[in-house]
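As a starting point, one isolated chain is supplied in structure tokens, in the form predicted on its own.
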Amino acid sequence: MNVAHMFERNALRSGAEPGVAIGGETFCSHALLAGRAARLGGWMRSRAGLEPGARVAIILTNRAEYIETALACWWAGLAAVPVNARLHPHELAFAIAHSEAGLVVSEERFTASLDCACRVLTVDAADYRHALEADPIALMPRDQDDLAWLFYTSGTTGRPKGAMITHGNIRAMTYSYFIDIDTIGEGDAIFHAAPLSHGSGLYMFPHAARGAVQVVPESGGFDPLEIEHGIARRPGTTMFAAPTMVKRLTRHVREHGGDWRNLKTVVYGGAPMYLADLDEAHATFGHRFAQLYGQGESPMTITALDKAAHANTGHPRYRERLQSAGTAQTVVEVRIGDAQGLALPKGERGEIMARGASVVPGYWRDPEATRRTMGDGWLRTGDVGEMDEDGFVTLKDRSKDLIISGGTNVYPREVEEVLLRHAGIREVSVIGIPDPEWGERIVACIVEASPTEDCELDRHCLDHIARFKRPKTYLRLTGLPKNNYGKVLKTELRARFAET
């Protein structure tokens, strides 16, 4: 069943109610949203010549057109490819080419730097307005195994992989939200302050399933004062946020106050939440928080710690549970596996593994990565954790080298490869260091072949990768610590950095 059916049902059942809002102002009703998607989808099929199953790359910041463009893709039987607009043009070009996108939908400020051979539709130009005047089409039937959302997630090799999220995966995730995360009522809202190209975009679906309004901030980004004003006008509002966003929001309320009565739920994920930060958030907002742990390969759906668990202060293991990622969500099995993938006893540390209806069937055009990561039916997350006797999973370490800065994944090898292209760098190892603002700070430990300046290394990085992947600090060493096999000892590098 096509996930666009959720939106079509809203148009039929409560068509006059708000469907999408920009800040406090309604952009369109449920009926108008469905109508615009039907016309835009019609243009994609008839004018852009896209056949069912074709991919459409969406390179937009958070804005109302993001939601209707994604819906138009599904309405027309196409697959959306959400691409982070903050990526470097080289990275954008890779996603467009690798997905074999037949159309790119973007903004005027990005189109000049796009390197692609396919057609580009610019949302803030006349051609987009003309596309919305095309003849509408009926919603295209899709099977549960058909591709709906091609999500590019970086791998430890630095080469992004496209997780093939199907219509069935999205429906499983949606059902699990209602059971394991929170309830949603008609008239509720979700405030998309986090990127729609990531977790917040996936949470369109459970809210669409219940007829809630999708709210995007006027700025298109995260601004605590803007969030405060937006939530004050929308009863029953939910937000998805990275822990760093929760911390900034808490600090804003501590310093400025505000009316937060309409804030119903904050779902946090994407990185571990420090217990001290969660304590302060509870003291500021009350027990309105739910946590999830998931990956692009099992979107938003591996484990969850719901609001009841956050509020259960009388439980003898309350503090321990707050530090966990919760228990397996309803539509998946979760276990801790050894190096061969065999289940380990409770309390032993190993790799977190999951299988179930939310786990994707594989990676786009990458059978080897599919076999390596989920070949036996179990998703190998690459994350290390433990499961206690009650089923609560605690992450002990993340993927071997992964850095999560500001809720965004940064893979060190990708940054290392770029830095090694600079003539002045002989060796480099990139590590993450705890940072009170961003969760982790990116540090490049370098051995120079010739003297370099931080500013020239910054310019070199910005020529090849996204700004948020650029190291914030360069630590110059005479040599990198290595074991007997020549492997760099990143634990020792972190200790050396702490001593500087």
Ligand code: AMP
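From a predicted model like this one, the values you see are computed outputs, not experimental measurements. Residue positions are given as counts along the sequence shown, with the first one as 1.
If you look for the form predicted in complex with the ligand, you will not find it shown, but the lines that follow are about it.
*Asks:* Taking the partner as it appears in the predicted complex, which of 188-196, 168-176, 364-372, 145-153 has residues with heavy atoms within 4.5 Å of the ligand?
*Replies:* Only one stretch passes the 4.5 Å heavy-atom test: 145-153.
*Asks:* Which one, 356, 224, 296, 350, lies within 4.5 Å of the ligand in the predicted complex by heavy atoms?
*Replies:* By the 4.5 Å heavy-atom cutoff, the listed residue in contact is 296.
*Asks:* Of the residues 278, 402, 332, 204, which one places a heavy atom within 4.5 Å of the ligand in the predicted complex?
*Replies:* The option sitting close enough to the partner is 402.
*Asks:* Report whether the minimum heavy atom distance between residue 270 and the ligand in the predicted complex is within 4.5 Å.
*Replies:* Looking in the predicted complex, residue contacts with the ligand include residue 270, since a heavy atom lies within 4.5 Å.
*Asks:* Does residue 386 make contact with the ligand in the predicted complex, using a 4.5 Å heavy atom cut-off?
*Replies:* Answer no; every heavy atom of residue 386 is more than 4.5 Å from the ligand in the predicted complex.
*Asks:* Do residue 131 and the ligand share at least one heavy atom pair within 4.5 Å in the predicted complex?
*Replies:* Flag for residue 131 set to no.
*Asks:* Does the ligand get within 4.5 angstroms of any non-hydrogen atom of residue 245 in the predicted complex?
*Replies:* No, residue 245 is distant from the partner.
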